[in-house]
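Below, in structure tokens: the form predicted on its own, a single chain.
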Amino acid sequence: MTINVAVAGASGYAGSEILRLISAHPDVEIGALTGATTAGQSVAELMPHLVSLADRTIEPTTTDILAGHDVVFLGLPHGHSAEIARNLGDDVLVIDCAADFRLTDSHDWEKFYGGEHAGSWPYGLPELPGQRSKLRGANRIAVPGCFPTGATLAMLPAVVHDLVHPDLQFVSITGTSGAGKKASVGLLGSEVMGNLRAYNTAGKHRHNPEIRQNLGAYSTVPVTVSFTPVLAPLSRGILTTATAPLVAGVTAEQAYATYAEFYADEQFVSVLPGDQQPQTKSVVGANMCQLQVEVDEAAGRLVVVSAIDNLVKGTAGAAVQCMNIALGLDEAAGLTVNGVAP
């Protein structure tokens, strides 16, 4: 069958990456491409790397233009998805790449995002236990945040199998595209090149409650999360180092074996062998999360490093993966596990 797909926010980083992926999807026909400030401009002007769509024009983001498609991807700023989704029928699969429907706790939404909480949709991280059954046949899906994807996959097996006490610490080094395609002094090349800078530290980052929500659902005791993001001079990629206190008696061999078994059937998660470490350049363009699992015996802590492309497994790839599951297609359609090198 052929799926007719519209992309709102098509000229942003998330939207353009969705277009790149679905352009190679065997079951997709690309319908409307919409934007706000870029309406009326051509894909050739805005996204010259999308050669196969060069003759297409960005239209205004309105319900009338988006209606009538089988699938609508929303690559819009936070707070803009709810109204559009309300006006699209239940026969349309709406996949939101913003945060509007990720959080189940309205107090967390109001604290970290402000405004009225629009509710929650099925959460688009298929690797969570039992999550695929919630995504199959769904007509509304909330794509996870990029940081929560790398952090959750890094600590999920340890929390599920009680390898650690859930006092979880994450440090994530990220490229600039995670901030979106907007003008900002702090993201200018002169500000970023040759520099590393932590930001939204000490629990202030909006992804804190999402990480806590994801992992807390699988813990028998309350989970604490300390998350520190660090901006690096990269266009894309997130390298996360996750640590937690080990439960007494857990060995390095047991920890590695637990992770290897947990992700054995997950085609988009790779537990690396031996001492091989994840690196962001290995996952550029791939819908892949690479992991390495170790035990720091002297500190009594589990150490897990994850690498993802924030625009693929962290956003657009996850969105396409979820579409495939919801519609009963091959989960890997339009996606690749292979990165781009050098």
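All of these numbers come straight from a predicted model, not from anything done at the bench. The first residue of the shown sequence is 1; numbering continues from there.
Not pictured, yet referred to below: the form predicted in complex with a further copy of the same chain.
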#### Entry: Every residue of Asp296, Leu311 and Pro342 near a further copy of the same chain in the predicted complex, heavy atom within 4.5 Å
yes
### Query
In terms of non-hydrogen atoms within 4.5 angstroms, which of the given stretches 115 to 123, 189 to 197, 73 to 81, 91 to 99 touches a further copy of the same chain in the predicted complex?
189 to 197
### Task
With heavy atoms only and a cut-off of 4.5 Å, decide whether Ser106 touches a further copy of the same chain in the predicted complex.
no
### Query
Is there a non-hydrogen atom of Pro273 within 4.5 angstroms of a non-hydrogen atom of a further copy of the same chain in the predicted complex?
yes
### Message
Even though the partner isn't displayed, in the predicted complex is Arg236 close enough to a further copy of the same chain, meaning a heavy atom within 4.5 Å?
### Response
yes
### Query
Is Leu291 a contact residue for a further copy of the same chain in the predicted complex, using a 4.5 Å heavy atom cut-off?
no
### Task
State the residue from Ala260, Val160, Val230, Ala217 whose non-hydrogen atoms include one within 4.5 Å of a further copy of the same chain in the predicted complex.
Val230
### Query
Looking at Val164, Ile141, Ala85, Val225, which has any heavy atom no more than 4.5 Å from a further copy of the same chain in the predicted complex?
Val225
### Query
Of 250 to 279, which residues get within 4.5 Å of a further copy of the same chain in the predicted complex if you count heavy atoms?
Pro273, Gln276, Gln277, Pro278, Gln279
